[in-house]
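The chain below stands alone and is given in structure tokens; this is the form predicted alone.
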Amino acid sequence: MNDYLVFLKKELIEYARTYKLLILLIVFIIFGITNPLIAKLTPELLASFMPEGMLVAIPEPTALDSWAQFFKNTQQMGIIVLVLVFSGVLSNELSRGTLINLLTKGLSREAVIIGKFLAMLLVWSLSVLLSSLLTLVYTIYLFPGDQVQNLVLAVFCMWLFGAFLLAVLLGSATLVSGNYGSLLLTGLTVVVLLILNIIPGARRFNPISLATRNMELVSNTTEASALFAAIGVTGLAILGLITLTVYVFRRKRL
């Protein structure tokens, strides 16, 4: 257990020193502040670009518009930045030889994989927490009295999908060398999930649903139970991926 904690601490310190932690926190803090502002100002901006004398009914923004911005930004730019920041999760250390030195000194390979995944997961969790809390505070301030439903579950679903992608990224890094290979496999995984989502019967179990149906939860147009199967499948997939990654990394020649 001490090996796991020591390596986890080492990873977090490295993320701070290489500005990975700072980059992600800044990106998500900006999202958290701007989500409600964009929702509030969009109708005014659209009205200002309309030709003079042209009248178009623009609905008043609500808290739902603010959370729509949150999920759109997190699903698109946020997750892309997350994957790019951690794309060299194994290859950088292997190329520098630092990881090999630690392994020859007795560090277990299981500790490397689990420590790396937990470190990435902590950074991702902190990023989502900060962004969602900032969005919540500014949404309450700009849209007082507006009610949303299932907010905690909707944010949790987005967080869980990000955790799933981190597990895919880490597993890909044990299979291929270099940053681009792991990025390619992670991107292909997302493409496969999107294709599977076309099949009506697969949507209920598809992890991609956790990142695409958030507004249905917040707007209460779908039951929370509709995503329970996808949550269970994604959780099991994460555990399976980490277990498989440990197995492959034990047998990988460094």
Partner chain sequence: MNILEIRDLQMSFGTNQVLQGLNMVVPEHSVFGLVGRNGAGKTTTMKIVLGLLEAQKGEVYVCGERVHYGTAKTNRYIGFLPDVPEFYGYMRPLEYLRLCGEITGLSSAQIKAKSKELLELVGLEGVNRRIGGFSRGMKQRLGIAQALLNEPRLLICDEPTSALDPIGRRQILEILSAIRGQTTVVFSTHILSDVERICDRIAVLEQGKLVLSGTLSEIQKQHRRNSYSIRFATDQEAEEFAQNDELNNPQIQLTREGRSLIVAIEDSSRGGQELIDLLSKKQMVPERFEAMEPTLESLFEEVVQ
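Numbering follows the first chain given and starts at 1. What you see is a predicted model; the values in this text were computed from it and never measured.
Below, we refer to the form predicted in complex with its partner chain, which is not included among the displayed structures.
Note that among 170-178, 155-163, 102-110, 131-139, the stretch whose heavy atoms approach its partner chain to within 4.5 Å in the predicted bound form is 102-110. Taking non-hydrogen atoms only, Thr18 approaches its partner chain to within 4.5 angstroms in the predicted bound form. Residue contact check for Ile13: one or more of its heavy atoms lie within 4.5 Å of its partner chain in the predicted bound form. In the predicted bound form, none of the heavy atoms of Ser125 sits within 4.5 Å of a heavy atom of its partner chain. Mapping the unseen interface onto this chain, Gln149 falls outside it, with no heavy atom inside 4.5 Å of its partner chain in the predicted bound form.
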